[in-house]
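Only one chain is shown below, in structure tokens, and it's the form predicted on its own.
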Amino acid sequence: MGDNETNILLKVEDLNIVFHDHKRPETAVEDVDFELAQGEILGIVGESGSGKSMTAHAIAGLLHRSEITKSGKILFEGRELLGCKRSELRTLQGNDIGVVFQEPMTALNPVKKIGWQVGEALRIHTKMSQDEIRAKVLEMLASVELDNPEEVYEKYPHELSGGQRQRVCIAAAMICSPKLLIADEPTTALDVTIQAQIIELLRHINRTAGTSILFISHDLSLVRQLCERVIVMRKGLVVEEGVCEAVFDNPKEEYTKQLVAAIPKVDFINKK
């Protein structure tokens, strides 16, 4: 984290999200504050219902239900996202902010070919020709280490494995070279071997493209492998944050101690 304020890509200030679809209001996120620097990988961890995904969706501009109230600030390169118009958000979504979700099968359209889906953001945000889009999509499919990009381009989602589908989702999220990639539980639906490959791919994207990554997970071992800093959330609140090694090796809060104690004792992949 640099001292220079201009190094900050994303700043969340006093974020509150309250649901009003039950008999009494339910606070999903309460007084959340954090910053993400350009080129940084930040993890948000917590159990189901901790508010981590809700925070990510607020940043991505994906909270549109009428029974939600939101307050605070989400500043992306100084632009306030929480209260901005939908039209403004749409220019950022897919262009400057990419999102990868937990279950690639639901994120992909079952009746559209892979090439069409990965190229969609280019059709929306650029004036590239069809040939230019095709070339860029093939380049992107290769960059996320999918074998035979030409074949994958012509396939439908059900013809790919879960790991391949998640690589396609990452390619679609990265096609416009966003400054921020939000990865919301991107490995949960995958087996351990494929999880490790996706983590390595995200690390590679961060290194080569300089993309900032907000990595949402309940799996602390994955966060430790990938992230530089971590935020621990519980019941909508940030209970602890800091450099990953410090938080994992010397947790201060009882809740974090319990989470760390539950991590399977395996050798962590060294961050290079």
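This one's a predicted model, so the numbers in the text were calculated from it and none came from an experiment. Start at 1 with the first residue shown and count on from there.
One more form of this protein, predicted in complex with a small molecule, exists but is not displayed; see below.
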Q: Work out which of 14, 254, 249, 21 lies within 4.5 Å of the small molecule in the predicted bound form, going by heavy atoms.
A: 21
Q.
Just to confirm the contact call: exactly one of 223-231, 47-55, 202-210, 239-247 touches the small molecule in the predicted bound form at a 4.5 Å heavy atom cutoff, so which is it?
A. 47-55
Q) Does residue 28 make contact with the small molecule in the predicted bound form, using a 4.5 Å heavy atom cut-off? A) yes
